[in-house]
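One chain comes next, on its own, written out as structure tokens in the form predicted on its own.
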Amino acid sequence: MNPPAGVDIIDANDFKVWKLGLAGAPATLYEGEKFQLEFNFGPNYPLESPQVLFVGDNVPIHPHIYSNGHICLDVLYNHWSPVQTVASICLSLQSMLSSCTSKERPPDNATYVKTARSNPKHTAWAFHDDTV
């Protein structure tokens, strides 16, 4: 795998779980910050999307990222296509972070984190705001 700029492979030794580093892009709210992503590939990948989470001590503060690492991004769920790759998901996440204008958690963060299942693919996401 040849990762895009700002993405580092931490561990990709098997095809079940990958850990990647994601750097905040220059001239954005996240410049200089480093985040860790975990990709969990199910048996039906690439027909079904991988489970993707932010993990570790530095989960980005963003209106579409919950403090438990769950990411509200349509391409990870109902807009998934088998032609997408790990690199394209990383680019989508970098784009989402880069376009953010205010570091804040989703308004329902506290409630969601208390009630969410561990796998965000079991959440009934409502995609209604692509401005951040």
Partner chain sequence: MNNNSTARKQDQDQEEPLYDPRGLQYVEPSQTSLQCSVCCEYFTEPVSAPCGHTFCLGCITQALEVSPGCPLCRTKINPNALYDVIALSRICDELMVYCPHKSLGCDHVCQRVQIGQHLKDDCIYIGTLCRVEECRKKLLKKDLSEHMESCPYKRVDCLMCNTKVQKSQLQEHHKTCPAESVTCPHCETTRTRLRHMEHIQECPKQIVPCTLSEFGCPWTGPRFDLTATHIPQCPYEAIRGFLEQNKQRVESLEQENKHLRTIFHDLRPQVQLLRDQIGSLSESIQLMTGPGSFGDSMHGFVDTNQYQYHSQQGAPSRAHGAILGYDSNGAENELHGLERSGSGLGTVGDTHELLISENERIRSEIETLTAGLASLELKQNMAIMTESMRMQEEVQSLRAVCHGLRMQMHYLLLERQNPHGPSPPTGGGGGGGVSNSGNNGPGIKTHGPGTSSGGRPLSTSGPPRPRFSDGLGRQDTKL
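Residue numbers count along the first chain shown, from 1. Predicted model, so just to flag it, every value in this text is computed and none were measured.
This next part talks about the form predicted together with its partner chain, which is not shown.
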Site test, 47, 79 and 82 vs its partner chain in the model of the complex, non-hydrogen atom cutoff 4.5 Å: yes
Segment assignment from 82-90, 65-73, 34-42, 97-105: heavy atom within 4.5 Å of its partner chain in the model of the complex: 82-90
Across 52-67, the residues having a non-hydrogen atom within 4.5 Å of its partner chain in the model of the complex turn out to be none
